[in-house]
Every structure is written in C-alpha cells, then in structure tokens.
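Here's a solo chain for you in structure tokens, the form predicted alone.
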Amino acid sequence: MALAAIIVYSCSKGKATTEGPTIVVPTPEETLRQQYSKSAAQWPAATWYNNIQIRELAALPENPSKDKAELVALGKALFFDPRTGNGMKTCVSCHNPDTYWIDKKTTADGIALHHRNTPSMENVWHLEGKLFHDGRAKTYREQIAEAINSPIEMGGNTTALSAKLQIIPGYLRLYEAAYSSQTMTVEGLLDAIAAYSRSISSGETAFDRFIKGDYQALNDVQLESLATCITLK
C-alpha cells in the first residue's frame, strides 16, 4: 500500500522545537466506508504524538450507579427546588436539562459574577471526586455543599438546610422513603443530590451507535472527519 507523508516541521532562531504533526494520508485499496464497516479492531491503526498513552475508541460504559429510586427522587426534588439555595437560585439554574445540563452562557449565572462557565452534569457518575473545573472537591458531598454555600453560586446555607426542610410534609415523605427515617441530616440531603447527579447520563449519539457496530450511523463527511482525527500524528 502506498503512503504519502507530509511532515510539518518548524524551527526558531536555531533552537530545537517540538516536532509538529505528521499527517499520513493513505491511498488504500478499500474505501473509507469499507474500512470502517468492520469491527473497531480492524479499523486503520491510529498514530499519535510521541509519549501519548493510547486509548482506543470505545462505547461509553453503562451508568454503574445503583442508588435506590427513592433516594434519587429526593435528590431530584432538592436539585430543582430554590429552597435548597437562597430561595431564588437552584442547582438547575446553571445545570439546565433542556440544554444538556449547562446554561449556555460564557460564565455561570450565579448570584454574583463568575469567572468560569458551567460544566455539564452528564455522566458525572465517573467522577467520584476531582469535581469543579480545578478538581478541588474530593467527593460529591463536598462539591454540592460548596455550590450551595457559595455566595456567588446559590447563596444557601447547608447548616440550616435540614431544619428548613424538616417542616415541609412533602420532604418528610421523600426523606422517609429514602432513609426510613424522618429525622433529616444535611449529610442525607447532600447524598440524595449526589445520587440524583449520578443518575444523569448522556443520550445515545450517532457516534455511539457507530462504535457499537451500526456502521451506517455516520454519513460520509462524518466518516472522513473521523478518519482524519485518528490518522493524525
């Protein structure tokens, strides 16, 4: 099989620089459609920058969360309720399910000025710890409490949250269903929000179907883009 290689090389003022990407353009006997209509193990080999750890394309794993439905239901109520925060802001104020669990704004729309945008809640079940953009929260509970208490996010008070919700009959019923007790604790409430957060999974895309073996799920333009991405070095 003949190969044509274009090597992009740059240098500056006599100092050695990192070698740029080498683009390998195959001239195969099979068309792209034919090459990518086989199992992923038979696709053209990917090439990478040096010292990059290779992780082959694969389908997104199934959500492994096993939280009981009653706990998730309590967490969902808290996630959408402004009483979880300062009475105006909710978790969903930034993590909007109608826009893929973000707010589609350059910076988050909290109580005060933010300097970062809102990360999506989709598939956070694989992030037990290392939450927020900088990964400073070690657990879901820590991350959720910080968001609720933050004066620039939800402006709430987790210390007073259980007492505030304890007097609401609907929450007593939800809490008892989740924990077999009506004695609310802030830890129980935060864990319920965490359970709801872990239940949020992304929907299946054409790429997901392609990876799973539906080799007509991507059109020719999308297939060419995929081939370009995995053959760049």
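None of the values given here were measured: they were computed from a predicted structure. The first residue of the sequence shown is number 1, and the count goes up from there.
Although it is not shown, the form predicted in complex with ligand HEC is what the next lines describe.
* Asked: From the list His126, His133, Lys138, Lys104, which entry has a heavy atom within 4.5 Å of ligand HEC in the predicted bound form?
  -> Only one listed residue qualifies here, and that residue is His133.
* For the spot marked by Thr31, Phe207 and Leu223, is every residue within 4.5 Å of ligand HEC in the predicted bound form through some heavy atom? -> No: none of Thr31, Phe207 and Leu223 comes within 4.5 Å of ligand HEC in the predicted bound form.
* **ligand HEC contact in the predicted bound form: Ile144, any heavy atom under 4.5 Å** => Ile144 belongs to the contact set for ligand HEC.
* To do: Using a 4.5 Å heavy atom cut-off, state whether Leu189 contacts ligand HEC in the predicted bound form.
  => Heavy-atom contact with ligand HEC at 4.5 Å: absent for Leu189.
* Asked: in the predicted bound form, does His95 have a heavy atom within 4.5 Å of ligand HEC?
  -> So His95 counts as contacting ligand HEC.
* According to a 4.5 angstroms non-hydrogen atom cut-off, is Pro119 in contact with ligand HEC in the predicted bound form? -> Yes, Pro119 lies within 4.5 Å of ligand HEC in the predicted bound form.
* **Residue stretch of 37 to 45, 191 to 199, 66 to 74, 175 to 183 approaching ligand HEC in the predicted bound form, non-hydrogen atom distance within 4.5 Å** => The contacting stretch is 191 to 199.
* To do: Pull the contact list for 75 to 110: residues with a heavy atom within 4.5 Å of ligand HEC in the predicted bound form, in sequence order.
  => Phe79, Lys89, Thr90, Cys91, Cys94, His95, Ala108, Asp109, in sequence order.
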